[in-house]
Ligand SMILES: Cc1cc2nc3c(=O)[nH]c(=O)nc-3n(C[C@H](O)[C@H](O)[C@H](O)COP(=O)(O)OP(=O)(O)OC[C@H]3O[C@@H](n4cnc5c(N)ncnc54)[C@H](O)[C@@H]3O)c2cc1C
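Only one chain is given next, in structure tokens, and it is the form predicted alone.
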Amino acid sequence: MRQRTVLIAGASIAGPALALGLVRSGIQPIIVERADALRLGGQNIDVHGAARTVVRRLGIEDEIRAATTGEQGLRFVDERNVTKAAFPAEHADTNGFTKELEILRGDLANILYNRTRDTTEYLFGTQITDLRDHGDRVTVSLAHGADRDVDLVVAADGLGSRTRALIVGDEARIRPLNLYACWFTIPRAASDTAWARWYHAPRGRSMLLRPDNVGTTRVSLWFLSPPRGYEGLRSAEQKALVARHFADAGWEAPRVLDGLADAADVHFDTVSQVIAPHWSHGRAALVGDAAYCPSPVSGMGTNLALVGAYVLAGELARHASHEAAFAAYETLMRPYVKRAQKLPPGVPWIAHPQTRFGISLLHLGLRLASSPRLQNRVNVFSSSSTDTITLPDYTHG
């Protein structure tokens, strides 16, 4: 019987995780990546809840554990670097900010790539430009390279997926959360420790500095703003925009902005969610952020990518019909995604006060939430309390 082939757009997390699951089921994956090489940069992400089950079943939990950042927890600080509330790292899947399996995005991508590189064909430096569904196969046109005839196509190329529109047209929409973020890496300083530090400045601005496992510091800057198309600016213009927004923010802003000027790994984007009424059409489907990005403020992006990839691969192996597989995938994942995308009331505004008084109230609330009596009851940081899904064990057929 001829081996089925699945062409996947995107070589970050969801794409290689899907490939790993497909190979285990005897399905041949091909991954197309727009970048010329694997993108190893990125910020701290965590693997918890249902995603812990997935990485354990895929056999990569020990590798992730060996590559964790060593972050000990999160401190909220004022302009004098005085701690206002502290949340130690959690050693279980609870409501803390720092999880047991905290890893750099690039390190997780590299683990998945190394596990799939010998069994998956990777095509770097190209992207899908057209899909022609013939009913019994799909012809994929690439920007660079010959057309490919494959059985199925999956878009796993993130929030800004260029493949999504080829699959579901304009039915999927981007829901902006009136928040912009800028991520980059700066040199480590004496003030940096194994704890993450989060600072708030008036006018809806915040700065988060996090340790990594390679001797540098990962920065994310956030500011409230209605959608203004900033994500479409050139990199130099985005850097200048961020520098203007944070020039008078106080705390370690001068150091951070100096680092921004020299940083080569800057990623600037609107903080948004992807809302799609369905995740497949014909012989093509969506997974991960391309299908249901919950936004970074949910704390669930990596989990949805890993769990979605695992479920989609498993259902494709379980069903001879792609229609049945796609339907089962959506039936199982839709409630899980809906819970992950439901943000706490007031997010993101409550976490980005406009005034110093508002910041004082935020610190007071965080200090109360950090008390031992409340810390395991109050979900401050993410949707992890809703991170429940009954996962079939596809690894055992």
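Computed from a predicted structure; not experimentally measured. We number the residues from 1 along the sequence you see.
Not on display, but discussed next: the form predicted together with the ligand.
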item: Contact of P211 with the ligand in the model of the complex (heavy atom, 4.5 Å); value: no
item: In the model of the complex, A284 touching the ligand (heavy atom, 4.5 Å); value: no
item: Any non-hydrogen atom of Q43 within 4.5 angstroms of the ligand in the model of the complex; value: yes
item: Non-hydrogen atom contact G314 with the ligand in the model of the complex at 4.5 angstroms; value: no
item: Position in contact with the ligand when the complex is considered in the model of the complex, options T116, S280, T270, T302, heavy atoms within 4.5 Å; value: T302
item: Option from 186-194, 131-139, 287-295, 241-249 whose residues, in the model of the complex, bring a heavy atom within 4.5 Å of the ligand; value: 287-295
item: Residues within 4.5 Å of the ligand in the model of the complex, restricted to 104-128 and counted by heavy atom; value: R105, T126, Q127
